[in-house]
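This document opens with one chain alone, in C-alpha cells, the form predicted alone.
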C-alpha cells in the first residue's frame, strides 16, 4: 500500500481539492483507493457521498479507524485537518510515503506554511528519507506578481515543486458532482490535466522504482 498525506496548517489551502482529485486519478486507473478524511469538516467524506455509483469506486475512511478494506488498498490518500501538529503530525508523517503541501500565492499562506515546512524537515521519517515531501502551488495565476513571489519562495524551501494548479471553475463543478478532473470529459480539462502531469509522474515513477 502507498500512502499520500495532504497537509498544511492553514485552512482553505486546497488540501481537499488535492486529496479528492488524487483519489479520483488512481481509482480511474483501476487501483483500490481509500480516501481517509481526518478533517472535522468532513469535506472529503461529503464529496464521496455525492459521488455517482457509475464512477470508479473510492472507499471511505473517517480518519479515526481503519476501513475494512483499507489494509488491501493500493493507495491511501489522507486529507488532513488544519492545525495538524505535534505527535499526531509525527505519527501520520511516519505512516506516509509522501507528504504533499499545497500553498496559495499570498503572504498569509506563505507565512503559515514556512514554519510548517521547517517542522516537516525535522521529522525523523523525512530526515531518514522514508517519507518524501513536495509542494504544490494552488490557484496560481502565472501572470501575477503574487505567483512570482510564491515561485521564488518555493524554490528556496529545498523541497521539490511538483505542480502549479490554476484556480479553474472546473474544480468547483467537479467537486459539486462528487467527481474528480479525471472523471470529466477530457476536452473540458485538457489544460488542467497538463498541470497535474508532473505530480502524477513523480508519484507513479517513485512507486514503480520502489518495487
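Positions refer to the first chain, counted from 1. Note that the structure is predicted; figures quoted are calculated from it, not measured.
Keep in mind that the form predicted together with a small molecule is not shown, yet the notes after this line are about it.
J.: Using the partner position in the model of the complex, report whether residue 146 sits within 4.5 Å of the small molecule, counting heavy atoms only.
T.: Answer no; every heavy atom of residue 146 is more than 4.5 Å from the small molecule in the model of the complex.
J.: Closest heavy atom of residue 39 to the small molecule in the model of the complex, within 4.5 Å or not?
T.: Output for residue 39 is yes: heavy atoms within 4.5 Å of the small molecule.
J.: Answer yes if any heavy atom of residue 166 is within 4.5 Å of a heavy atom of the small molecule in the model of the complex; otherwise answer no.
T.: Answer yes; at least one heavy atom of residue 166 falls within 4.5 Å of the small molecule in the model of the complex.
J.: Applying a 4.5 Å heavy atom distance criterion, does residue 82 contact the small molecule in the model of the complex?
T.: Yes - in the model of the complex, heavy atoms of residue 82 and the small molecule come within 4.5 Å of each other.
J.: So which of 149-157, 23-31, 171-179, 48-56 is the stretch with heavy atoms within 4.5 Å of the small molecule in the model of the complex?
T.: Of the stretches listed, the one contacting the partner is 171-179.
J.: Check for me: heavy atom within 4.5 Å of the small molecule in the model of the complex, for each of 3, 130 and 133, yes or no.
T.: Contact check failed for every one of 3, 130 and 133.
J.: Exactly one of 100, 96, 138, 77 has a non-hydrogen atom within 4.5 Å of the small molecule in the model of the complex; which residue is it?
T.: Filtering the options by heavy-atom distance leaves 138.
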